[in-house]
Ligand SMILES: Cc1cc2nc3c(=O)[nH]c(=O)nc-3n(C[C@H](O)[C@H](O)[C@H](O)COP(=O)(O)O)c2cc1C
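This document starts with one chain, in the form predicted on its own, laid out as structure tokens.
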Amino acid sequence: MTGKLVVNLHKLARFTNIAIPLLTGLFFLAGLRISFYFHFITVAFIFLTALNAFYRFGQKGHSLLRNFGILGQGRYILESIGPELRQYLFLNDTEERPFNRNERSEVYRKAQDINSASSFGSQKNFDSTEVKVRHALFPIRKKDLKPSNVTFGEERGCPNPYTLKRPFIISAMSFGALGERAVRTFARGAKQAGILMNTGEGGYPKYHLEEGCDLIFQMGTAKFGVRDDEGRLDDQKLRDLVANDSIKMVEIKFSQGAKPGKGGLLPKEKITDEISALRGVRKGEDVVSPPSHAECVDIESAVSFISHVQEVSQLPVGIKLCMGISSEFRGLVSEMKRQNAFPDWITIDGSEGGSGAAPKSFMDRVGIPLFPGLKRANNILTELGVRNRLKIVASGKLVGPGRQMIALCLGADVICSARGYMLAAGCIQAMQCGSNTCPIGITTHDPDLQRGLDIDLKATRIKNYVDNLEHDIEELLCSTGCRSISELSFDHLYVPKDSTLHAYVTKPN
């Protein structure tokens, strides 16, 4: 019969609880009889004795500590560093969520302008669930590619259309979700890379404007920065805001992939005096935006509101949403067709999208992932004969060129990402975005933590990331035999029958 080593934690705890005060006494006696220096150890054990007594008899909130004393604290210590231990020691290169080590490493290498070539083979599964890009028998050369210019507002004759010369946008991240130095880093990087940055729904975009990049002003359901006393749109405030030369477009956020059906959330820990003033909210309270716009009570009023914002702003105006019930999206597009009023673009945000703070139940279980949602949206627009009336922007875990290419094949004209640029700026996926304790200084307002973020260096890495993404997208485009993104289609994808995308595309939903 083989023996098995078993640690009886209960007995060990009883032994520890007796040993600590006993050793305190022994070290005290040793300090009196042998050497004064033993008293230094005595002081440490007096502290341990007092702490252990507090755990066992003083506090009532943790049953584990009352039963096991200081030994039970070890469990909480291990739990607190568990994510770090798993991330760096135990999980392999493809296991982590939301981004595994391979995905993060590719972004880091692109941001540092290091060749991201791989050797010996891919670590992907290559099973019946993975979507792949189909290559052409005769790829084309890069010199034959057409410019990737995308003009927003051209379909309806907008008086101030905007042309994006590279198919990338830094997704919505507000001052509030981000600290001052992070906002300036992304804005400066966007300026250097020649791409757009979305302000997020945080109100007047003070730090976004400081770096002179082109901006999309996002209007969330709370309408921070352009709201009246009743939480509705103040037309004059919007006119005054968009008069700034840096603001090129306006996005109306109907829903966000990480929390569709819920409004924005900014935890009270991140509300400084400055944010309180910019948003017009109280300190010491969580800021929870309403789940929908006050002006939009049904499909008809929602389309009318889009048209109204276009008229007031005189800029390209788009909407952002996560796909939910397909019949509702079809109804929305049908109403746009009836009123002859279309947004200049629709951002389809996947349910795998991120957020600085969101209810876990929503983040885990609400909304449709990007690829099937994007395919369904493109199909409905095409079936109703209005796909040529607007652009589609894709958003949701699009940090690498592979997933970006799939999104483009599914109908997207432009790629939008937030976490990709956070990783490019040095994010280590600590997942402390909502607690104001981001160790890299990106999603915190703590000046000591923000100090670690060098704006010049990280802005350059943002530019490098964009340059290398564009290089890879062009290489992939050449491999398909297409000369422009607009030539890509669903036929350029291999979609196995067991993939989520195939199941969603082939079945009504």
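Just so it is clear, the structure is predicted and the values come from calculations on it, not from any experiment. The numbering used is simple: start at 1 and walk along the sequence shown.
One more form of this protein, predicted in complex with this ligand, exists but is not displayed; see below.
Student: Just to confirm, with a 4.5 Å cut-off on non-hydrogen atoms, which of 319, 177, 358, 405 contacts this ligand in the predicted bound form?
Tutor: Result of the distance check: 177.
Student: Though this ligand is not shown, can you say which of 438, 190, 422, 374 has a heavy atom within 4.5 Å of it in the predicted bound form?
Tutor: Selected option: 422.
Student: For a quick test of understanding: in the predicted bound form, does each of 173, 253 and 354 have a heavy atom within 4.5 Å of this ligand?
Tutor: Every residue of the candidate spot has a heavy atom within 4.5 Å of this ligand in the predicted bound form.
Student: Choose one stretch from 323-331, 196-204, 119-127, 140-148: the one whose residues place a heavy atom within 4.5 angstroms of this ligand in the predicted bound form.
Tutor: Heavy-atom contact with the partner occurs in 196-204.
Student: I'd like to know whether residue 417 contacts this ligand in the predicted bound form, with contact meaning heavy atoms within 4.5 angstroms.
Tutor: Heavy-atom contact with this ligand at 4.5 Å: present for residue 417.
Student: Report whether the minimum heavy atom distance between residue 443 and this ligand in the predicted bound form is within 4.5 Å.
Tutor: Answer yes; at least one heavy atom of residue 443 falls within 4.5 Å of this ligand in the predicted bound form.
Student: Given that this ligand is not shown alongside this chain, does residue 221 nevertheless sit within 4.5 Å of it in the predicted bound form, heavy atom to heavy atom?
Tutor: It does not: once this ligand is placed as it appears in the predicted bound form, residue 221 has no heavy atom within 4.5 Å of it.
Student: Decide whether residue 185 counts as a contact residue for this ligand in the predicted bound form under a heavy atom distance cut-off of 4.5 Å.
Tutor: Flag for residue 185 set to no.
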